[in-house]
Structures are given as structure tokens and as C-alpha cells.
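In the form predicted on its own, a lone chain appears below as C-alpha cells.
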């Protein structure tokens, strides 16, 4: 038997970055909002205060802040003719275990996507011709929104998060610092860039000598004390190095807990239901609107939360799975490329170089989650692809966060003995002189990269598991090899005594190895209804009071972390709901 709660104006499914940003905007506009989250309540003061040791074994190795695989299992295969089997470890699916989602344990890279990233198909055709864009296996499509349209909302997210950095382009003018390839910004970052550490110095000097353009990565690890537009105070980063997989007891890493919850939780028109797993949405009899969300609470009871507006802001795979299980919009069929839900899964195409120095002091234990230097000379379409057998590129970067001693026990030059006195001697020498060049590459969707409901496996609630079918496009493989070769050149110019290139795309894709955890797609946005599940305001084409927000909406993946773009899209959608939709419910875009 399903019990029913009192109707709300809005129900939000998932209280990570997207859900928190939207809840803040909508409650401030006066709407009554109920958020439902699968995880438990999690906050800095209770769970990761300064008095809790930054225990690498507990947080980074055992991943206690992450949702366990049993609660978010998917099945996986590379090709249509294979039988998918369930994933059995975290791998590329590193969801947060409580409210705040991955925004609590993330590293903190505060990127914007480039203007090219929103119009990959259009700009590829304009520069190189139709044949380059219509490679046989690729399925390119544009976002239906441009960088310039999204820029004010990027600015708002950066103000809320307090992102630290240096602008490369302001109001169309290059500043001489920062990233010269970035889209034009209306103003500089709210806080200055973090300090430059030794690995970054070596990288900057080498790439400058090579005629490239290094800059400090924008970070949500704050460089100085800051009060955001919501009135929430944050502290300055102490460069402790314990960011990725850790909560920040210093309140200097931006997260929903640090930036939004202190305001949101005080609002009387906001309610959060924790330890409650949404399984499906309910629809009106005519199928043109949704009426609420059904969830299973901690006691195993099935409960319906009715609402006038339903917003999915869960992990991209959960957004996709809920829509498929609820029978909303047509599932994607890779055989004829029809349907929209499940379409355009992409990952990130990662390569790079490990490097070791003989007589230096990299001291990797000093750092921050997103602290590093990057060049964008080989990212996106910032270089000529006319004679290359791929499109897109990668941000090539070095990070100052690689000092966790357990993890770095294996970060030794090839051929080093892995046990005994020789291992101890090598580890003592190279721990402080190890660094990485990491190529975070874009990923282009393919016609056979998609998600659907698995016909063989179900979860504990009887809901079919999501099945992922994916392998790297050949274009992405070629790009990864190209950028790996560039990173090897940079490593040698930096003076490394040992270099070892790596390329995750030279083998079949696997969910088991954490090359990245930036999984994208499933509910792609766009202005072309036959190829998108949601319109440019992330509103369902088929149910006008349903909005699906998050990385599930990305039709393509860029050579940057997705969080800033997720935040900007969430704020833009929330503003459209508050300013336009509630006054005249209906389609915001004609399709």
C-alpha cells in the first residue's frame, strides 16, 4: 500500500549541487519545496570536523563518504552482442553517500566549459565540413544553449561557491593572465587564485619555453576567507592536501553543505526527506504531466510525494533510470537511433604521463584538491584538426594534490622492486619527487553508447538495474594518443628523469578503473526534439511540469570537470521556473 504525503509546489529528487541550488532559488521565490534524497543527512560539523583525522585508509581507500556499490549497481557491456553483468566496485561511479552528493567529497575544480563545447556539431561543420562531423560512429549534437546565454549563471554559481582563480578574458579582452582560450567573462573570479607550488612551477616554466599558455586551474578550494551572496562564510584553504574523497572541516572547500545548506535549512518552506529512495514518477491520466514521485523510506514503506512541479536532480544514471522505469519519453534504440532517454552516454578520454625527478623537492603532501596548472592549447578546438583523425582535445594539467602516502606506494618508476629494502629506499626517494601530467579529454557520443533497463537484473525494490553499453569512439582513442604524446614532451622539458606515459583509451572501456568519474548523458538537452529528451531549459518535451537537471543533460562531454556547468544550468532552470513557468505553466520552448 502506498501512502501519500501532503502536496508540495515542488518536489526535488536528489539534494546534491543541482538540487541544493534549485531548492535555494525556488524557496527564495516563495515556493514550497520538498527534497527527497537516498542518502543520510551529512554535514561538516558532525561528520568531518577538524577533530576527525583526515584518515586516508578510512576516506580515500575505503571511501566511507561514498554510496556503496550495492545501492547504485548498474550492469555493463562494451557492445550490443555482449551480455551485461553487474558492477561490483565503485569504479567510475563515485556517488556521494549522503545529502550533498559527490559535492561533499569532490576535489573542487571550478571550470566553465568553452563556447565550442556547446556547439560541437555546428562549429565542426563550419570549420572542417560535414564529413568531419558525421564520422560513421559519432552522434554529435549541440546543446541548444550557447556559452554567452549561460555566462550569467556561471557567474552566479562561482559567486555562491567562492571559486578562486584568475580570469583570462573579461568582456572580450584578454587579461594577460589566466586562460587565454576561455570564453569571455563578465568579471573576474570572486577570490584570487591559489598559490603556485613546485610541480606547477616546473610545468609553467616548461610550457612557457615551449610557447604554450599555462595558467592556474580555477578551484572551489578557497584562497582567502569569503562571504558568498547568500551570506554564508567560508574559510581559506590550508593546503593540507586532503580534499578528494574527504570532507573539508576547514569550510574552505565549496560544497552544498558549506555554501547553501546553512541558509536553505532555515527556510520554513523547505523540507528534506533523507534515506528515501525514489523509484518512479507518477503521471496524470492523459500522460502529459507528472503528478509526483514515489519513494521507499527507511522502514521499507512506499510513499508518494505529490507536487505541481517535479525536478530530477539525482546522479545522471539515476535520472535516466527513473525516467525509463516511469515510462516517460521514448527510450533510445541504438539500432535505428530513434528515441531519446538513455542516449549519448559519454565518459572522459584520459591519458597522460607519470614522472619522477632526481634532485628536487616536489613535496606532494602540500596541496589542495583542484590545485594545479593547465594548458588549453590542445583542448577542444583550440588547435587545427584539419589533418588530424579526431575532433576535440584535452586539458593538459599537473596537480598539486598527489601526496596520499598509501596511494603513492605504487607511484614508483617502472622496474622498481615492489618489496623489501629496495622498495623502501625507492619510496623514500621518489615519494617527494613524483608528479603527474593528466590529460582530461573530451568524449564524443556514439550511436551505440547508451543506457537502458537491464532485462535480467533487478534491485532490492524490484526495479530493473540500469544497463550501460559503451566503448570509446575511435576519434577519442586517437585524441588520447595525440595528447599523451604532448604530455611526454612536456614531462621531458620539465626535466623528469623517468617518464611513463599512460592511455586509458588504448584498451576497451571499463567501469572498474577510475580514470575519471565524470560520466555524462542519458537525458540530453537540445533544441531539436527528435534527438533530445529535454529542451534548453531542461524541461521535458513530453511532460511540461517535469525538469531533469544535472550532467544527464550534457549531449557531449568536454575536457573539463562538469560541476560548474551543472551548477550554471541548475540556476538557469530554477530562474526559468520561478520567473516564467509558475506564472504560466506550459512549454518554455516550442518543439
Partner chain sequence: MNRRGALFSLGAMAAAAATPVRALEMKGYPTDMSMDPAFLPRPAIHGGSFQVLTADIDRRTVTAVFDRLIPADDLGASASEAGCVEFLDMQLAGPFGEGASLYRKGPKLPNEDELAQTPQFIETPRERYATGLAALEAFAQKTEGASFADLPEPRQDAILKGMEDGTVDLGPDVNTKAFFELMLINVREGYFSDPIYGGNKDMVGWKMIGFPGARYDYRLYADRTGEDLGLEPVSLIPRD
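Numbering follows the first chain given and starts at 1. Because the structure is predicted, anything quoted here is derived from the model rather than measured.
There is another form of the same protein, the form predicted together with the partner chain; it is not shown, and what comes next is about it.
Stretch-level contact check against the partner chain in the model of the complex with heavy atoms at 4.5 Å: of 324 to 332, 516 to 524, 190 to 198, 208 to 216, the positive one is 190 to 198. At least one heavy atom of residue 465 is located within 4.5 Å of the partner chain in the model of the complex. Contact between residue 537 and the partner chain in the model of the complex is not found at the 4.5 Å heavy atom cutoff. Shown alone here, residue 130 lies farther than 4.5 Å from the partner chain in the model of the complex, counting heavy atoms only.
In the model of the complex, at least one heavy atom of residue 53 sits within 4.5 Å of a heavy atom of the partner chain. Not one of 203, 389 and 541 places a heavy atom within 4.5 Å of the partner chain in the model of the complex. Residue in contact with the partner chain in the model of the complex (any heavy atom within 4.5 Å), chosen from 174, 432, 447, 498: 432. This chain is displayed alone, yet in the model of the complex one of 298, 485, 384, 149 has a heavy atom within 4.5 Å of the partner chain; that residue is 298. For the partner-free chain shown, 409, 410, 417, 418, 419, 420, 421, 423, 424, 425, 427, 428, 431 of 407 to 431 come within 4.5 angstroms of the partner chain in the model of the complex, judged by any non-hydrogen atom.
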